[in-house]
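There is one chain below, alone, in structure tokens, taken in the form predicted on its own.
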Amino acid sequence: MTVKPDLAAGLALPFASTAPWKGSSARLEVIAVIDETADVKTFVFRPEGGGWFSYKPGQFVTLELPVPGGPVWRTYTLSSTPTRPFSASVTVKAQAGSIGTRWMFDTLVPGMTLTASGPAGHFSHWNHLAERYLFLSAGSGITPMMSMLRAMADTAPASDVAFLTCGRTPGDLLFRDELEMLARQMPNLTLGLMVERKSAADRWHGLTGRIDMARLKFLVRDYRQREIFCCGPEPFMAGVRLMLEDAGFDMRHYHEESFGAPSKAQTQPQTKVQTQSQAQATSAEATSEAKTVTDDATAGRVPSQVQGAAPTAAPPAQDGTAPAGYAGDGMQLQFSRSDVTTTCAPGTTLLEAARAAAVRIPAACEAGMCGTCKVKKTAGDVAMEHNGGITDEEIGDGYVLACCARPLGPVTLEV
């Protein structure tokens, strides 16, 4: 007997009668919008027509937002937990000048639907099982931490986890009430709340200032024995990285995520002067948003853990010589479904070439992480250096990320 879902009645659907949501251009329905703070909202979704979500805590989804002037794609970390699979949520902060997130704030209401893809991403404690964890976050970087902590509370409430989150003021601390409730329910949860400033009206009795080693040791004396996850504005994470490195922490047990390309701090030596300067900008979350075309970067996070570049072919020549297949008139690109053929100079990404030819390829992070610009390559070779937005299996099936793939000769894309 087939059980007909009664969505209107809000009934929980039995797993046996529904399938997990697969976000390849699938639709999500908004079922709730929750005001978290003055500039942060949580949007709760369910699969259109029924179903449930299967993902790892800390993963993200990419939403297609139909803003005036044409759709944009924004990637948001899920703040919900997969242990409550019949809905999923993103917690979003609208930055000044944002387009996509502002549209969500002003337009998105229960009953509306969006096209989405995902979930995806590697930033999850399920990928790094340990006896003890330390979650460090600032601002809306708390969202993947909440997903992981909520999963622990549901499945392993005795987990040994230290949860330290920072905000500008007490009123900016996200999920404060829930965190304090979980701290009472989870016997091994150490909760640390820290704000940059307070007023007399705040009645704040927690820590004030910015994270440093003295405060970290005060809150989490055994931090060296913990698997550390960090998320927040890039200056915040840069400061945490340097602080831990200076303390001799084994960075193999440190994981972070951010929006945009991997920071220079991950690949270049950094001085204390640089970090201090960056730390002064911690409160300016917009600093971390300027790295990508997404205007809503802090609303959601994409893992920036560099899993190792995965070039699918040899990189373009760096000495000025033309690579094989380049005859001087440019690399020939054919977009088969669009019936468009064009050329581009060596070093141009497939995404840049597509835009120049007025061929639309959806893209979000444009740093090889979120996977939104994944396209099928049916002929030719490319050099691609991604940051985890595509799997080896997908590469084997002929897919590439247009934002970070550069043609090495004539290429045909199924777009």
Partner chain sequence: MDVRNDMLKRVKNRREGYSLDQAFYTDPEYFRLDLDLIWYRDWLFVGHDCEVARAGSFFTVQVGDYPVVILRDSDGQIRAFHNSCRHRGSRVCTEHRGSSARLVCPYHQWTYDLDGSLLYARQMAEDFDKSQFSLKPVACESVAGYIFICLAEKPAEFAPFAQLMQPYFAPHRLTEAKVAFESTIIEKGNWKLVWENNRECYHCAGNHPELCKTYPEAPTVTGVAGGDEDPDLTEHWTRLEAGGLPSRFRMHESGQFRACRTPLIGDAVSYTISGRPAVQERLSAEVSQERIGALLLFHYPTTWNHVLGDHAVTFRVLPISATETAVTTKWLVNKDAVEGVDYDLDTLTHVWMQTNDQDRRIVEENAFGIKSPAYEPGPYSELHEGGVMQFVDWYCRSVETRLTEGGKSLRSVA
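Residue numbers count along the first chain shown, from 1. Just so you know, these numbers come straight off a predicted model, no measurement behind them. By rigid core we mean the largest C-alpha set that fits within 1.5 Å across both forms.
Not on display, but discussed next: the form predicted together with its partner chain.
Each of N387, T391 and E394 is positioned with at least one heavy atom within 4.5 Å of its partner chain in the predicted bound form. Figure note: of the listed segments 52 to 60, 343 to 351, 32 to 40, 365 to 373, the one touching its partner chain in the predicted bound form, with heavy atoms no more than 4.5 Å away, is 365 to 373. Along 147 to 185, a non-hydrogen atom within 4.5 Å of its partner chain in the predicted bound form is carried by no residue at all. Core-aligned CA deviation for G50 between this form and the one not shown: less than 2 Å. For L63, the Cα coordinates differ by under 2 angstroms between this form and the one not shown after the core has been superposed. The Cα shift for I31 between this form and the one not shown, taken after rigid core superposition, is smaller than 2 angstroms.
The gap between the Cα atoms of S98 and C365 is smaller in the predicted bound form, by no less than 3 Å, than in this form. The pair E394 and S54 separates in the predicted bound form: their C-alpha atoms are at least 3 Å more distant from each other than in the form depicted.
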